[in-house]
Every structure is written in structure tokens, then in C-alpha cells.
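Listed next as C-alpha cells is one chain, alone, in the form predicted alone.
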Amino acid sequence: MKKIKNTNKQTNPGHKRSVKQLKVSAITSEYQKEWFRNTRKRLAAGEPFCLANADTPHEIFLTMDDIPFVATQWWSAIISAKQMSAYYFDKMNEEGYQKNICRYCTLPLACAMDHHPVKAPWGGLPNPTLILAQLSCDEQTKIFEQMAHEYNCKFFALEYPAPAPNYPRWWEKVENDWEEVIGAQALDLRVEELKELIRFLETTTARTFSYKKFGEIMELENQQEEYLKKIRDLLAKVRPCPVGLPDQLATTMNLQWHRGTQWGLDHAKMFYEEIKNKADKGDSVCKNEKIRLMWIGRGLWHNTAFYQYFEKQYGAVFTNSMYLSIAADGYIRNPRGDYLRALASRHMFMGYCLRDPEWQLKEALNYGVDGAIMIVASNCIDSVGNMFISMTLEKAGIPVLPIYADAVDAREWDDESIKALVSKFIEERCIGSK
């Protein structure tokens, strides 16, 4: 393979961490760090461990005596937030990997290839027993195969069939009528795959899958997601906005990796109560709120302070993103006596839901946004869906600004020029249109 010389040197883009305003954000962040430290101790004692994509059924690991797992997207976010992405991607390019590979999914592979845990955030990941991924795009197969090779472990792939029904306004029916929305054939396939996954884990870990415990986890998860739904609905109607996007992103993401646990439920409730208390008192992230902005795409993990820059400049607040919205609309399931099939319905078409232009428009209208900022990574299949989302919002009178950058690769981010671009967008298309 031909070596690629990296000519994209990182400048000093002024990356900063955002200032969190909620107590629950600090609590969940510290809990996640402590959980990671304790998990490393458990693994050192010989316990199994799974590295899994975000759109896979983590609930199964929890059911089987709490097999530890790390979500690859969460790990990408941590690496990027620790300002380590440039180092890892430079190393990967030096090894001959193309520069335009999908970086959100590849960053954990780049970290694994380095084989230098002292440099990695929090001491790096230990070798997993299993790597689990849903093959939502062609690159996923090779990325996770190579990651399994680096860790010398099993790669378990879940198929990603095309959705049979083309169901409009899926968010209105998926909670109760998920069989109709997803389609029987796709669910049949996923249920059999989940049974095979359970058999594999029972064989390799000597742990037993408990259907009773599984049902309890699914019910706890529904309760947890109901609180996130209440937060979404509250934030959509309250003016000015009581909590900004950095707190929403960090807390929602941490809670979602612990969904179905009592801790997750308790802290989702705390999340809701703290926001409601701020709303009731009239507290806000920007007293002089004039512009409401929607963030479309993955969180800007290497520079979350970016979201807060425009509050003082223009009274412009980023009020919403896909993370809290999909928690509200995409996770809750009425199991109708079949928890495994309900779980199968939860993750199969999450990507389609996130890229649904009508759903994104619905959220934009709910929040009453004046404009949307869309991060577009040329190396990811999401870019195709972004085009249709942009067209749908613009047709509805909501201006959209695409930012061509990467959510985890800091090398592509020029802070000054992008802030200038967004400022011009706010002045000319958001304020100017009022």
C-alpha cells in the first residue's frame, strides 16, 4: 500500500472546552470517568469486555451480569475532546491509510493501531472479547474487521437491511406500532441475529442471559427515555432557552451509554428536574436570546466551546441537536410481551431516522429555530442525507449553513474562518430575514 504524506498540518485553531452550567453534567461526566477506571480494574481481573457501535443492542450486555462495553462513538468523542485526534490520524496516514476515510468510526481503530496506552485518554482501551457493529455502510465492515485484527478478538456483524415500509411520520407510531413501522421481515432477521449473539456470549463468557432481568432493563430504559422526552418537549417551548447545547450533548450521551440502569433512570430524572427548575425560575444560557439555532449532525467534540461563542456576539443560542431528539422519539417501545423483538426494532433503522428530512424539519419547527448549522463530513455517508435535510428546511423557510469539517478530526477546523462564516450567516440570513 502506498504511503500517504500528510500535508494537512494542524494550526492553532483555538479549540476550547465549553463551560458546563448544569450540576448533573458534572456528575455524569465524573461518573463516566469513575466507571471507566473501575471497568479497567474488572478487566484486569479477567472479565470479558465488548467494544460496540452506538446503534447496537447494549442492553444484552447489561442483562448478562453487566458485561462491560464501550461504545465506539463515545470513545471517538473522548479521544477528540482530549485533543488526541490529530495525533492518531497522522499516525494512521503515515501507515498508508487514505486521508478521506470515515473518521468518526475510524478514530477508535487509529487509537488501537498505536499500541501505546500511556498516550491514550484514560490509559486506553483493554483488549475486547468481542467487537460488535451494525453494517450501516460499506466502510464499517473493513474498519471493524481491522479493529478486531488489531485487538485479536472476534468481530460480530449485524446486517443492515433496507427498510421495507417507507413510513412517513414514523415518530408518531414507532413507540406502540413498531412492528408496522419497521416491517416483519427485517425484525425476523434481527431477532435471529440477537439470539445468535446471546448464544455466542453465553458460550464465550460463561454467563447466562436472563429474560426476566432483560424485561426489567427494558422497562427501566423506557422510563429513562421518558424523562429525556420531557426535557426535549420542555426545551422546545421555553423562551429563553434554560440550557445550552454543550450540557445537552454531554449529559445525554453519558446517560444513553447507561440506559436501562437504575443510575441512568435516576440521573435522567435529575437532568429533567434541574432543567425544569431553571425554566421555572427564568434562568437561561443567554438572557438576551434573539436567535435560535439548530445543530444538524454529530457533536463537534473537539471544540464544544464553539456553540457558546455566538451567545454574547448575537444572542444566538444553539437550542437543539439530534442527540436529545432521537432519545425522545426513537427509543421508547411498548414491548407488547416480546422484549427481544422490541429491542430489535429499536436500533435497526436509527440511521434512517436521523437522516429523515421530515423528522429534522419537525424538530426545527418545534423549537422555533431561526436557522440551522449543518456539519458535513465528506468522508461519511451521512453527507448524502444532509443534502435532502438542507433542501427540506430551506423549502420551509429555515436557512441552513453547511460547514465542511469533521466532528472528531481537529485538523480540518479553522476556528476563525468558521466563526466568521457563521457570523455572516446569522447577520444575513437569520437576523436579516426577521
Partner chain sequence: MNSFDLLKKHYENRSMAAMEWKLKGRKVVGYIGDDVPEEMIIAAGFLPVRMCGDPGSDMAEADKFSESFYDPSVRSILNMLLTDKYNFLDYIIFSHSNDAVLKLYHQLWWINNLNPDISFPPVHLFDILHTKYLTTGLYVRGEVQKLKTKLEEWSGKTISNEMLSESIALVNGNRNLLKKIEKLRFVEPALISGTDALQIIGSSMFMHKQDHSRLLEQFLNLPDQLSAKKGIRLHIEGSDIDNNEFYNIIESCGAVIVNERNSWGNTYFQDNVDESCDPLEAIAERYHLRPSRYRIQSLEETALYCLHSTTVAKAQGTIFFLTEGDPAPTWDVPGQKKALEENNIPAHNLNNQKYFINDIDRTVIKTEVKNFLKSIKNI
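Residue numbers count along the first chain shown, from 1. Bear in mind the structure is a predicted one, so any value in this text is a computation, not a measurement.
In what follows, reference is made to the form predicted in complex with its partner chain, a form of this protein that is not presented.
- The closest non-hydrogen atom of residue 135 lies within 4.5 Å of its partner chain in the predicted complex.
- Though the partner is left out of this view, residue 33 does not reach within 4.5 Å of its partner chain in the predicted complex, counting heavy atoms only.
- Using a 4.5 angstroms limit between non-hydrogen atoms, residue 146 touches its partner chain in the predicted complex.
- With a 4.5 Å cutoff on heavy atoms, residue 142 counts as touching its partner chain in the predicted complex.
- The candidate spot formed by 50, 56 and 335 is out of contact with its partner chain in the predicted complex: none of the three has a heavy atom within 4.5 Å.
- Of the candidate stretches 320-328, 279-287, 248-256, 91-99, only 91-99 has residues with heavy atoms within 4.5 Å of its partner chain in the predicted complex.
- When you look in the predicted complex, the only residue of 405, 398, 62, 380 with a non-hydrogen atom within 4.5 Å of its partner chain is 380.
- Of the candidates 365, 43, 376, 26, 376 is the one whose heavy atoms come within 4.5 Å of its partner chain in the predicted complex; the others do not.
- Along 340-378, these residues reach a heavy atom to within 4.5 Å of its partner chain in the predicted complex: 352, 356, 357, 358, 376, 377, 378.
- Relative to this conformation, a decrease of 3 Å or more in the Cα-Cα distance between residue 165 and residue 360 is found in the predicted complex.
- In contrast to the form presented, in the predicted complex the C-alpha positions of residue 165 and residue 345 spread farther apart by 3 Å or more.
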